[in-house]
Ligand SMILES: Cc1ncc(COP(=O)(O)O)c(C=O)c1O
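Next up: a single chain in C-alpha cells, the form predicted on its own.
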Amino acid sequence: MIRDYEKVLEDLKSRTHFRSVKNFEGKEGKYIRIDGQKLLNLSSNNYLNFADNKEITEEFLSEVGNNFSFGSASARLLTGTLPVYGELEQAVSNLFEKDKTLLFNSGYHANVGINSSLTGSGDVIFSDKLNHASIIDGMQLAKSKFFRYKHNDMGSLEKLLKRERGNFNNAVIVTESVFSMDGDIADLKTLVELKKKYDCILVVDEAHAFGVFGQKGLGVAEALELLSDIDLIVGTFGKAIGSMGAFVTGKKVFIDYFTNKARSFIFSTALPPINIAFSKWIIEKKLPHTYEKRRKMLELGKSMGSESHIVPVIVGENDKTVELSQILYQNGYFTLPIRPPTVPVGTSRLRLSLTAEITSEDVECLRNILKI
C-alpha cells in the first residue's frame, strides 16, 4: 500500500502535532527577536550564554580562532583529524579522569553510535523509559534485546535485572542524568549500586548537565562524586558550551571499540576544526569561571519547582498547550509547546529552559501567568 503523505500531514495538523521550521531575526543574549519583537528566550539550551555571544566570539578569534579552518572535508579515520581534535579529547579525559575520549558530531550521533554498537546478539540493554530519542534509536539499531524500566524507578529496574540479567551475556544500563523534558535528575547512586550488583556497564548521558552541575561543571556525576563509578559518560558541546559536537569518555577498551564499531563516528565527516578549537577554548578558558552563575541558575530553577534549570509546565492537551504558549508570547516570553511524540500523549507541556542571564525579576510575571 502506498503511503499517502498528504493525509499523514493533515492528520498531524488535525491533532495539533504538525511542526515547521521557524525563522528568527536574531538572538541577543537571553532574548530572541521575532517579527520585530524582543522576547525572553525560554527555549534555548545556551545555558551559559556562550553561543551567539559577540564578545566571546571576538575574543576567541583574536586569540586562536584564526588558526583554524571552517571545514574538515574528511572523516576522522581518513584525513579529518588534526592535532586539535586529539587535544580536545585529551582535555576531556583529563577533566573526567578517564582513560580516553572520542568526539562525535552531535549528541544524537554519540547516542546512536554508542547504543547501537556497545551490545550485540546475546546482550541486553536496560533503559529509562524517558530517555532521549537518540538513545532509543540507538537501541533499536542494536542486535541486542532491550527493556525499558519505569522512569527513575529503581525498583522497576531491579525487578527487570533480577528477572532478565542471567539470560544474557553483557548487560548495559543507560540513563540521562538530567532528563531533557522533565528536568528531573536520575538516581545515579542507586544506578551505580545496581550496575555493580548485577555486573552491568553503566552509561550516563550528561547532555543537559555538562557545563551546569558540579564544582567544575562536569555534570551530576561530578556533583555526586560518582565519576569513577560510571563506565561511560556522554556529554555535548552544543548546549552549555555553546559550540557543536559531543563526546564519550571512559576506559580505553570502550573508546577503541567505538572508534572501530560506531558507524555514526566512522562514516561522518569530522566537525570543522574551528568548532573543535572553540569547544576546547571554552572548556579551558571560560568554564572554570562559571560556578557562581551556574549555582544561581540552578537556584532559580528550584524556586520554580524543578530539580534543575529545566522547568516543565505540564498542561496535558495539545491545543491548550499551544494556547498558553501564545499567551506567553503576547507577554514577552518565547517558549515553544512540546507535544507528542516528543512527550507521551496527554502530557503536552511548556519546557522552560533557564540560562545564566535570566533573573528572578525576568520570570516574576511568568510565574503569575503560569501560577508556579
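Keep in mind that this is a model prediction, so the values were computed, not measured. In case it trips you up, residue 1 is the first one in the sequence shown, and so on.
From this point on, the text means the form predicted in complex with the ligand, which you will not see here.
Review point. Taking 4.5 angstroms as the cut-off for heavy atoms, does residue 217 touch the ligand in the predicted bound form?
Key: Residue 217 lies outside the contact set for the ligand.
Practice item. With heavy atoms only and a cut-off of 4.5 Å, decide whether residue 241 touches the ligand in the predicted bound form. Key: Because no heavy atom of residue 241 falls inside 4.5 Å of the ligand in the predicted bound form, the answer is no.
Check your understanding: Any of the heavy atoms of residue 176 lying within 4.5 Å of the ligand in the predicted bound form?
Key -> Yes.
Exercise for review: Considering only heavy atoms, tell me if residue 180 and the ligand come within 4.5 Å of each other in the predicted bound form.
Suggested key: Close contact exists here: in the predicted bound form, residue 180 approaches the ligand to within 4.5 Å, heavy atoms only.
**Study point:** Residue among 165, 148, 132, 76 with a heavy atom within 4.5 Å of the ligand in the predicted bound form
**Key:** Flagged contact: 132.
Review point. Though the ligand is not shown, can you say which of 271, 202, 186, 207 has a heavy atom within 4.5 Å of it in the predicted bound form?
Key: Selected option: 207.
Practice item. Sort through 263 to 271, 191 to 199, 68 to 76, 107 to 115 and report the only stretch with a non-hydrogen atom within 4.5 Å of the ligand in the predicted bound form. Key: Of the options given, it is 107 to 115.
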